[in-house]
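The data below hold one chain only, encoded as structure tokens and taken in the form predicted alone.
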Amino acid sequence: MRPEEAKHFYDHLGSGQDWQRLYENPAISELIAHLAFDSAHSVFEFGCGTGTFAARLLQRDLPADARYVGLDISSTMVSLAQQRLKPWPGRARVYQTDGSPRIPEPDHSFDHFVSTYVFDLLAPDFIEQLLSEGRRLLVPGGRLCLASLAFGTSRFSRAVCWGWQSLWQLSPSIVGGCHPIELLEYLPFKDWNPVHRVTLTS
């Protein structure tokens, strides 16, 4: 899905995106449990959506002095996220991206780079550029925290993935541009040292 298509889709989806938490929450909880957010000082999120994930971090998981910065291509999502994060005015900042993988933040300014259910709607070359940006933004020893749609591991989940992939091939907009991917294909071990990896079925 091209950036302008994603913007159009998510501008119209609005707060309806939150219904996806029904199947996203198990992976989000797994990510939070294993990637040391309780000792984070600075978190950057690419594709913040409605701000639900950020609000959870700020309310329950981050230290009281940790800061959060998020961006999204959708003006609707940015507006919803900014509203949701008003309780943390000095710690949370959200702004809109122009659809470029380039992120206007200083080098080595975050210890966590997060993107959940975004890589699975991006083109491979965009993913590679975005990972380069993640490497640039992270401090030495910083953590790259990703969750995405993945391929099924059981008979039923493989069938669901096959149907989902068929709809995506017919028209990506039917499924919001998202389709199952294998994240490790984009993460050469020489550049990233995997700390935790798991495939969940919701």
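The shown structure was predicted, so the numbers you read here are calculated from the model rather than taken from an experiment. All residue numbers refer to positions in the sequence shown, first residue = 1.
Keep in mind that the form predicted together with a small molecule is not shown, yet the notes after this line are about it.
Looking at Leu71, you'd find a heavy atom of it within 4.5 angstroms of the small molecule in the predicted complex. A residue is said to contact a partner when one of its heavy atoms sits within 4.5 Å of a partner heavy atom; Leu131 fails this definition for the small molecule in the predicted complex, lying far away. Using a 4.5 angstroms threshold between heavy atoms, Trp88 stays clear of the small molecule in the predicted complex. Interface residue remark: Cys178 is counted as part of the site for the small molecule in the predicted complex, having a heavy atom within 4.5 Å.
Proximity of Ala6, Thr97 and Phe126 to the small molecule in the predicted complex is complete: all three residues have a non-hydrogen atom within 4.5 angstroms. Only one of 137-145, 59-67, 151-159, 45-53 places residue heavy atoms within 4.5 angstroms of the small molecule in the predicted complex, namely 45-53.
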